[in-house]
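Given next, in structure tokens, is a single chain: the form predicted on its own.
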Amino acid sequence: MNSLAGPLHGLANQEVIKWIFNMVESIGTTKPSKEQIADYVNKTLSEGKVIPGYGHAVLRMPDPRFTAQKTFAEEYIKGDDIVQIVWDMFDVVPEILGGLGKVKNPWPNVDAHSGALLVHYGMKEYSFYTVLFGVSRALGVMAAMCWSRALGFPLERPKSVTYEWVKDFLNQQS
């Protein structure tokens, strides 16, 4: 699990939360305006730092996992100041990063939101975030192994077949 740790991988969501808490402390409010957020983003960039939780090595659009977490939070977590900051950042950061002209992906990734959810639900032991990240990965691999064993498939990567393919395969077997 510890091998996953790094500011752009397993530690990314805790880097986002630290950045947000530093911004809140610097600005002096848990309810910053979008203008205050934009100023802090520009300050961070002027110091030669990145905006944690933004950009992805492959995606060139908002990370669908970010969107799913945002949808969940909109339904179940209303009024949380830190979650609201994440949403306001979504309105502010892509335009700023896109305006730099050198950022290929100015959109949020999953880490931009996940830390705020963990904090909301009381998980403030940031050193465990990487373990949670690893456990979530392991669950996907284990599920794929169960399907492979149950259906007599060879070992494969989880994305190599779709749910529809599995249904068709099972229908052909009956």
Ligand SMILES: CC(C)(COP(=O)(O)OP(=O)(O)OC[C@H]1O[C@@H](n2cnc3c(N)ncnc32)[C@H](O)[C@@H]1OP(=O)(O)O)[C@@H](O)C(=O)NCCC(=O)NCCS
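Each residue number is its position in the shown sequence, starting from 1. All of these numbers come straight from a predicted model, not from anything done at the bench.
The protein also exists as the form predicted together with the ligand; that form is not presented, and the subsequent description refers to it.
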Among 47 to 55, 144 to 152, 32 to 40, 114 to 122, the region lying within 4.5 Å of the ligand in the predicted complex by heavy atom distance: 47 to 55
Contact flag, Lys102 vs the ligand in the predicted complex, heavy atom cut 4.5 Å: yes
Residue contact check: Leu97 to the ligand in the predicted complex, 4.5 Å heavy atom: yes
is_contact(Ala12, the ligand) in the predicted complex, heavy atom dist at most 4.5 Å: yes
Heavy atom contacts to the ligand in the predicted complex at 4.5 Å, residues of 58 to 75 in sequence order: none
